[in-house]
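Single chain ahead, by itself, as structure tokens, in the form predicted alone.
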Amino acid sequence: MTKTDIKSLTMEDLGQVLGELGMPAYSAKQIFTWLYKKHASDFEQMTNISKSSRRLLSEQFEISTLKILSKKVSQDNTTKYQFLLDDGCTIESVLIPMGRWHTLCVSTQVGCALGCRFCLTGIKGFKRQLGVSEMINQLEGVRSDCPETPVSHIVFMGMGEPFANYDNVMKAIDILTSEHGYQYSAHRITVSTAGLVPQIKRFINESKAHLAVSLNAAYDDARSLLMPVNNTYSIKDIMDAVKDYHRKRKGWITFEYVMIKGINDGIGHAIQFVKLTRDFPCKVNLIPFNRHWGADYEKPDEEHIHAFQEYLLNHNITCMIRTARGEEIEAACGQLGGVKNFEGGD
């Protein structure tokens, strides 16, 4: 009999399954506490659950983990983890030090189907979706490797388009924010999207986590060149969805903007960006292109980067130039997925 991965279940799902097995509803809270607060790796460790129930759990469920295949640490202490999945595929996660806190960048797919031309993950193509447990176990794997390191924030910005795996991402967030799970505040979780408008609209109503939109151009022709998804969901479509986000959340929206020399770094894009966002508050992370073998693009000249930033700042848009973290170990934005192919070969 194939066992169910217990980490694939939200507490509500688990409670329903346990009820069908004849176990009391409160057992779900106990099990969640053991899995995500006490980090139990075996049902026999769950000593406040009866022996007969522990035996039943062992028969029905497994407690999954991820194997760390490789680990690289950059000069700025950014750490890239490569995890081996059960089917031989690999994914990567990045632990980024932020003072005394750390942000974990989590992957949601093996590869990506969107084909953004500046992103190595997209250039290599799509293999499959990640399950809920495969997302959660990235955090658990990092925690096990460095238990003294507090992971304060989670960003779904690793390999893959999170909203193309929407239901599993939402279940993972449910576990992360559960009071009996990891107990993260939703305000410490950010989900990034290339602009899948139907899922943005769902997210507005279904989650309190932050939203970041990878925009990367202020004109449709340039954005379509860089991001084929723009041929389906245009900049106007995205802006209409973002306005709804602002109306319902009463907060600002974050835009990610990968700057590429000669394509989207001109002051004209900055002027148009101000026009696009004049109806709602936003902040912008400018990300100078991080070079990799999959694309021939170049990082813009420093004066173009700073001129772009200055124009936005002068028009009351919060704008930061993101310093590349872990670039020399291929852990920076757009560089993930290049170490090993998806079939498990070198």
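What you see is a predicted model; the values in this text were computed from it and never measured. Residue indices: 1-based, along the sequence shown.
The same protein also exists as the form predicted in complex with S-adenosyl-L-homocysteine (SAH); that form is not shown, yet it is the one meant from here on.
**Student:** Contact between Cys319 and S-adenosyl-L-homocysteine (SAH) in the model of the complex at 4.5 Å, heavy atoms?
**Tutor:** It does not: once S-adenosyl-L-homocysteine (SAH) is placed as it appears in the model of the complex, Cys319 has no heavy atom within 4.5 Å of it.
**Student:** Could you tell me if Phe289 has a non-hydrogen atom within 4.5 Å of S-adenosyl-L-homocysteine (SAH) in the model of the complex?
**Tutor:** Yes.
**Student:** Could you confirm whether Met157 comes within 4.5 Å of S-adenosyl-L-homocysteine (SAH) in the model of the complex, counting heavy atoms only?
**Tutor:** The answer is yes: Met157 has a heavy atom within 4.5 Å of S-adenosyl-L-homocysteine (SAH).
**Student:** Is Leu9 close enough to S-adenosyl-L-homocysteine (SAH) in the model of the complex to count, meaning some heavy atom within 4.5 Å?
**Tutor:** Flag for Leu9 set to no.
**Student:** Specify the contacting stretch among 128-136, 193-201, 167-175, 95-103, defined as having any heavy atom within 4.5 Å of S-adenosyl-L-homocysteine (SAH) in the model of the complex.
**Tutor:** Result of the contact check: 193-201.
**Student:** Only one of Leu14, Cys333, Ile329, Met23 gets a heavy atom within 4.5 Å of S-adenosyl-L-homocysteine (SAH) in the model of the complex. Which one?
**Tutor:** None of the others qualify; the residue that does is Cys333.
**Student:** Find the only residue in Tyr184, Phe118, Tyr81, Tyr245 having a heavy atom within 4.5 Å of S-adenosyl-L-homocysteine (SAH) in the model of the complex.
**Tutor:** Looking at Tyr184, Phe118, Tyr81, Tyr245 one by one, just Phe118 meets the 4.5 Å heavy-atom criterion.
**Student:** Within 248-287, which residues have a heavy atom closer than or equal to 4.5 Å from S-adenosyl-L-homocysteine (SAH) in the model of the complex?
**Tutor:** The stretch 248-287, when checked against S-adenosyl-L-homocysteine (SAH) in the model of the complex, contributes Glu256, Val258, Ile287 at the 4.5 Å heavy-atom cut-off.
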